[in-house]
Each structure stands twice: as structure tokens, then as C-alpha cells.
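Take a look at this one chain, the form predicted on its own, written out in C-alpha cells.
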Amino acid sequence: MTETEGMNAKQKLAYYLDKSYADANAAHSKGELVCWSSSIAPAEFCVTMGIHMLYPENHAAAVGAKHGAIEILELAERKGYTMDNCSYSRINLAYMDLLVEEKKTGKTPEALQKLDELKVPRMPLPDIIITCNNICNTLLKWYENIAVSLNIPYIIIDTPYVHDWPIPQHTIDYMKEQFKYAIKQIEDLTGKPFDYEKFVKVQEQTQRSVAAWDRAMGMAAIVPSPLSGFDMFNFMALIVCARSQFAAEDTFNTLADELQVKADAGQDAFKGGERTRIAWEGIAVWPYLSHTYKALKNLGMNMVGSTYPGAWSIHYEVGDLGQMAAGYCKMYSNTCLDNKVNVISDVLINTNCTGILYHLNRSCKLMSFLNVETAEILKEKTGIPYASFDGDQTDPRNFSEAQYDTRVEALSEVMEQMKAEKAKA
């Protein structure tokens, strides 16, 4: 009998997330290595060598979702970090300083106490950090600040921007050599030779977890859909934090099984209230997750399509380091405009969406800068209407409930009109 036997998917999600932080804190107290990693860096290397992994982006999202962001962001700003910096980075860098202060003084700072009261999980300070700029180049300076402040090793995986398809061999070779160097760095840090036999098993687990994630997220294509995209946003914490572990495979297969039962019974995520289906382009607004969901639900708009959760569907051939390198290189955000348009178009078609909502995220410049151009190209290509709203992934000061509501209401009206005209034709 496993510790999760009898649990539903939500219970498993909570159990495994809590366990990941508890295990890392326990490891830290015993002097074992803890790594802070960017969300789409190759975790397989550290997992193989028994290094405990934590993810500042995911932790910052939790701070935002639990409504603890404002005070932490203000702390970062008083230290000189401008509001134009990514709010994930500001939260994490301020949080790091709070942990350092606690370690030096032996007293828990008031801001840290408040996060504890909000049940934001504790992250111990890292012994090593690893980042991969396949998401954005902000990560390079953000993690450099961590490394310099804590005087710890910094492993960087530099990812060339992908302009051409298929991915050029020289790009794959460049990434592959960096993977080899990262392995050497980890060997030096641990004082142990890299375990290539275990590495293959970790790769196999990663691919099983990704397959289970794809299976669960694929339920969104069903009409009406038993899955809401906001459930995708919640469950994606495990594909970020545990894709190289059984926890992700276990949870996502349970979720897929539950969704299949609902689909077989003809149940949708809104219990019969799905009127229209939209895609969401961009990161969630974590402090307003409930509001953004309910505003759509009240209009019968089920958000079933998103490129965001699919970023962690990292497929590669086990045992082939070059293919693994290609898998981590072809992130949607690391590719050219033409590919972005194709990816979103596929999402719209595969999930039967008749509208799309763009989050103009102040924090995520890489995604937001191309949204307007992408939206116009897609509208011309598909005829699907769109709306956009201003927001931020974790800074609640950059989001207006009223603006959001007005924009989604306008999109709903256009979609309903087009639906009625199509029915008459």
C-alpha cells in the first residue's frame, strides 16, 4: 500500500507538493545539497545525484496565490529592485534576504512570519543553483544575484533562440556540450561520479510523467470539457517541481482517470454551464486566480486552451543526450513569431476554441511584447476573435478586476454573436 492510495488527484497534488518542501527542508538540516532551479531547467541531472530540487518561480506563484505578495514586493523595491523587474524575481530575491536575515539573527522577520501564517511553504537556502534561459534572459541575472549574494555555485544552460525548424544540429550540439559540462560540475560538487544507469531511469520517469501530463491535459479537447484550464494552472505545479519523479506520474494519471469518468457521464467543468470555449495566452494572474476564473464561468466561458501548461511537455528519446537537449531547447517562448502563431493556432483547433484571451503581463516582457502582433496574425488566419487585459503574474497592483470583467464580457458578446450567426447559416 502506497502513502497516496485512496487519495483523489487534488489530495495527491497537495500531498506531493507539501512533501517536496518538507523533504528539502529535512535534507537541508542534515547537510544534504539543495538546489534552486528555474522552472524548465533539466532537473534530471540533479535528481540523478540525489540533490533536492526547489523552484523559486513556483514558490513565488504560491506567495501570490496565497495573497502574500505585496509586502514581499515592497521589500524588494526598497532594496532597489524596480517594478519593471519580473515580480517572480522580486519576490524570490526579497524572500532570500529574509532567510539570510533569519539565519544571521536567529529571529524570524515579521514578513516571513506572515508568509508562514498564510501557509506559504518554506524554502531553505540553496547550496547550488541551476538555470536555463529557454524561458527568458531575466533568469540569468536573477540567478546570478542569488549566486553572488550567497556565494554558491551557479550552473547555467544557455539556450540559443530557435529561428529555424527543425532545430539546427549545431544548436543541439551546443546544448549537448553544456549538458556534459553541467554533469561535470555536479560531479565536482557532490564528489561522486555521475550515475549514468540511474540517469536513464530518471529520464524514463520524466517521460512517463510527461505522458501522464499530456493525457490529463488532453481531456480539455473533449466537448463539453470536464477540465477547466484553471485546473491546468493548479496541477502544473507538479509538472514543474516533480516531472522527474513518480509523484507527477501518479497524480496526473489519477486526474486523467477522474476526468474520463466525468467525460463518460457527459459532465463538464461547469456542471452543464459551458456555453463557449476560449484559450488563454500567458501566465495566470495568481493573486486573482479565483476572480479570473469566476468571471469567465459566470459567462459560461470555459478556458480549455493554453500554451502555458504545454511548456512542460518535454519529449525526448531516453538515453540520447542530444535529443534531450533538443527537448529543452524548443520551448514555445524560445522560438520565433511564426512558430508561436502555429503553436497557438494548434491549441485553438485542438481544443475547439472560438475565442482567445491575452494576458498582457507586465512581468513577462518576452511573452507580452509579441501578443498584439500574434493576436492580429491569428485573427486574420483563423477568424477567431480576441481580447486582452493588463495584469501581472504575482503583483496584484498591476491588475484591475473592472478592466478584466469588461474585456471578457466584450469577448463573450462577440463570440455569442458569431455563434448565433453560424447557427442561422
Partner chain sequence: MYVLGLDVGSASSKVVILDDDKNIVSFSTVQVGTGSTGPARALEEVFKKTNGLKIEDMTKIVATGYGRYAFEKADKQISEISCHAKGIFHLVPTARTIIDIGGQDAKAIRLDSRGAVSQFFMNDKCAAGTGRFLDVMARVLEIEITDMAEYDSRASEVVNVSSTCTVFAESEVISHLSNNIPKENIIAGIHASVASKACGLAYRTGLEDDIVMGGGVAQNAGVVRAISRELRRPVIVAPNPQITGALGAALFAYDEAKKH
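Just so it is clear, the structure is predicted and the values come from calculations on it, not from any experiment. Residue numbers count along the first chain shown, from 1.
There is another form of the same protein, the form predicted together with the partner chain; it is not shown, and what comes next is about it.
K.L.:
Only one of H67, R397, K381, K365 has a non-hydrogen atom within 4.5 angstroms of the partner chain in the model of the complex; which is it?
P.N.:
Looking at H67, R397, K381, K365 one by one, just R397 meets the 4.5 Å heavy-atom criterion.
K.L.:
State yes or no: in the model of the complex, is some non-hydrogen atom of I377 no more than 4.5 angstroms from a non-hydrogen atom of the partner chain?
P.N.:
Taking the distances in the model of the complex, the answer for I377 is no, it never comes within 4.5 Å of the partner chain.
K.L.:
Under a 4.5 Å heavy atom criterion, is L411 part of the interface with the partner chain in the model of the complex?
P.N.:
Yes, contact at 4.5 Å.
K.L.:
Taking the partner chain as it sits in the model of the complex, is E3 near enough to touch it, meaning that at least one heavy atom pair lies within 4.5 angstroms?
P.N.:
E3: no, not in contact with the partner chain in the model of the complex.
K.L.:
Test of understanding: in the model of the complex, would R407 fall inside 4.5 Å of the partner chain by heavy atoms?
P.N.:
Answer yes; at least one heavy atom of R407 falls within 4.5 Å of the partner chain in the model of the complex.
K.L.:
Determine which one of 23-31, 384-392, 58-66, 40-48 lies within 4.5 Å of the partner chain in the model of the complex, judging by heavy atom distances; exactly one does.
P.N.:
Correct option: 384-392.
K.L.:
Looking in the model of the complex, is the partner chain within 4.5 angstroms of a heavy atom from every one of N145, Q178 and L189?
P.N.:
Checking in the model of the complex: none of N145, Q178 and L189 is within 4.5 Å of the partner chain.
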